[in-house]
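Let's start with one chain on its own, the form predicted on its own, as structure tokens.
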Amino acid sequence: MKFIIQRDQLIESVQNVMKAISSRTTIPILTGMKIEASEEGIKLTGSDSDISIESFIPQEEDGIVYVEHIEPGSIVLQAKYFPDIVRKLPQKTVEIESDNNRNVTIRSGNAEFHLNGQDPEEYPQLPQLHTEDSFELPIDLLKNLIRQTVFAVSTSETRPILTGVHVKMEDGELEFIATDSHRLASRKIPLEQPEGKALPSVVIPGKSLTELNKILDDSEDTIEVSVTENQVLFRTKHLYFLSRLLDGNYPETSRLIPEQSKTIVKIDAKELLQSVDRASLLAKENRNNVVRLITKENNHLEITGNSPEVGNVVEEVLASDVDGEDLKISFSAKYMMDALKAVDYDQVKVEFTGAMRPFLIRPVDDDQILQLILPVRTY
């Protein structure tokens, strides 16, 4: 195997593939990165058996040549050293060559590295997903769906199913839902189902979606999502991202969402966010970073944070509208700030159903984004 490749393209692909490689895997060869050279270009593969990522660098695209002098072949290289070597090479191009004894030479300018390769035949074949259940959506929309939900997955393994995002499609809508049982984030988008196909609802590990989100560039290109019983595949022109799905039944979350509300506050999201942020500065002592909100007259809200040993902070914020019963409620500042950042609209409405009931945050004129938070008992 031998080829000369543009270093910048190689670095980008290596970084993407590294997101799937773990040093703690039980299969030794998976600590390596597989490199395959063919006439079409170079394919890099990394996997930790939960996530597998393939990144393809075409020989040329749009008239730009990325790889030349290709002699086909494949090798597995130690992922511990290869990325650092590539990143620190002196020249814009890199020559990589392996001989019949799996000795690999990496040359760039006057620098020359020799690495011992491993047998590519031992590297597990990635399953090629052939499935009828697939749909396409714009990449930047998928990134939004992930960003607005994935932060709410559970980080504790006591209920593994909650560490994933529930993805379901019904009535012409695709919905992402995440909850850690203290809060819930949901985002829907209209998406016509392909005729005659019912997509199964699946739970994708939050970790997989977070990594996918880092790899994808914001673009209006589409990404194809395919689902089988235990895996999901995200595919773009040069990227193949495969993740296992979580087993088990996701809890029925729709009944958590209150039907009526007793107090509705409409407010500028940024002002509320900054005010909760300031109140949380002096609420750091107690475990949950709890902040209190009290409705006052004339559409004012009082937001307070308090640590007996440190001091307290009181701030009044003017809402554009407060409708309904008076309210005193306490909640986690972190959850509130995460939710407000995810909503991503200037004006939000917060719907309360009492001091100990979950409350909702959503944009004033968009029902497709929803954040729910459980309050905290403070008395």
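The first residue of the sequence shown is number 1, and the count goes up from there. Remember, it's a predicted structure, so these values are computed and weren't measured experimentally.
The form predicted together with another copy of the chain is left out here; the points below concern that form.
- If you check another copy of the chain in the predicted bound form, you find a heavy atom from every one of 85, 281 and 309 within 4.5 Å.
- Within this chain, residue 314 lines the site of another copy of the chain in the predicted bound form, having a heavy atom no more than 4.5 Å away.
- Although the partner is absent here, residue 80 is a contact residue: one of its heavy atoms lies within 4.5 angstroms of another copy of the chain in the predicted bound form.
- Another copy of the chain is not shown here, and in the predicted bound form it never comes within 4.5 Å of any heavy atom of residue 119.
- Heavy atoms of residue 110 reach within 4.5 Å of another copy of the chain in the predicted bound form, making it an interface residue.
- For the options 114, 237, 92, 159, the residue carrying a heavy atom within 4.5 angstroms of another copy of the chain in the predicted bound form is 114.
- This chain is displayed alone, yet in the predicted bound form one of 277, 136, 173, 268 has a heavy atom within 4.5 Å of another copy of the chain; that residue is 277.
- Only one segment in the set 301 to 309, 207 to 215, 147 to 155, 257 to 265 has residues whose heavy atoms sit within 4.5 Å of another copy of the chain in the predicted bound form; it is 301 to 309.
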